[in-house]
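Below you will find one chain, with nothing else, as structure tokens; this is the form predicted alone, and questions on how it binds or moves follow later.
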């Protein structure tokens, strides 16, 4: 057994920092039941059935673990957090969230989910914070629900599980929601979804449409569409959070800038037009990244180097990924004590505007 594998994982900050896990999946029983109904009815499209159909119906060990963890916000989840040394978790409605539902059904489920999540936070204020869900297809009601969830319920941002039945936040139709996120001074967490039906074909046929690859393809494209459409020129204070080590965006910065400049000069695509900054600038200045499911030190250290030490923060991705040794791997990163405190605790407090006094009262 290595020293890392033997290291005890404790909560309470004895290691010099609190571990704040910033991408932790959660669901209500109501939305799970609706997804199961859709599966039985053959609704939702190919990506929905690939993702949700697997996790909601498979008898394999991992899907059963995921199903149990998603709907729990008390003893089971807290026990797993304690065993992995996780002090605080930011909970968000798991993919595909309301985005596989029509507007009316999505609105009701999102409102109820926000109420239930706020109650869980109230029961365990030192252990949980939450992100709001909305039904994105009804923009005025989405804005109203986001404002209620943040101002009245105390939720700390907005979760968007990527595409909205094949549409994206780069579409100006959705920009009033982004305007509200910016005005409320909360982050937007852009979480993966399976690719929409117009792009999933070869990925699905190859078995690569899910978290192994398709998630990254779809969500990194969504983030790039937001940048190239001018979202961050319109909303320069908007904070975007991406999981899974930025869905690989940090590794492409030079190429993004080089190719985008050439396309603008050539006038090749109507959708590609001049921006106020380089693509790499938006990624460095408007985007934060978490390590959900990506605990290996090399990509973490590389991303910190190219983006800045204040742009990469810890996440686990529970219950889809629950491997306490991955916590130990990140505890062992070659960082100073102050850098580890920032990585595990301080960046999350700043980005999500967490109440530090509550975290430290444990």
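Numbering follows the first chain given and starts at 1. Everything quoted here is computed from the prediction, not taken from an experiment.
Just so it is clear, the following notes concern the form predicted together with another copy of the chain, a form of the same protein that is not shown.
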Three-residue site 24, 35 and 104 fully in contact with another copy of the chain in the model of the complex at 4.5 Å by heavy atom: no
Region of this chain that lies against another copy of the chain in the model of the complex, out of 112-120, 210-218, 76-84, 143-151 [heavy atom, 4.5 Å]: 210-218
Answer for residue 225 alone: is it within 4.5 Å of another copy of the chain in the model of the complex, judged on heavy atom distances? yes
Does another copy of the chain come within 4.5 Å of any heavy atom of residue 321 in the model of the complex? yes
Mark residue 294 yes when one of its heavy atoms lies within 4.5 Å of a heavy atom of another copy of the chain in the model of the complex, and no otherwise. yes
Does at least one non-hydrogen atom of residue 286 fall within 4.5 angstroms of another copy of the chain in the model of the complex? no
If you check 245, 100, 169, 241 against another copy of the chain in the model of the complex, which one has a heavy atom within 4.5 Å? 245
Taking another copy of the chain in the model of the complex, which residues along 195-213 bring a heavy atom to within 4.5 Å of it? 196, 198, 199, 202, 203, 204, 205, 206, 207, 208, 209, 210, 211, 212, 213
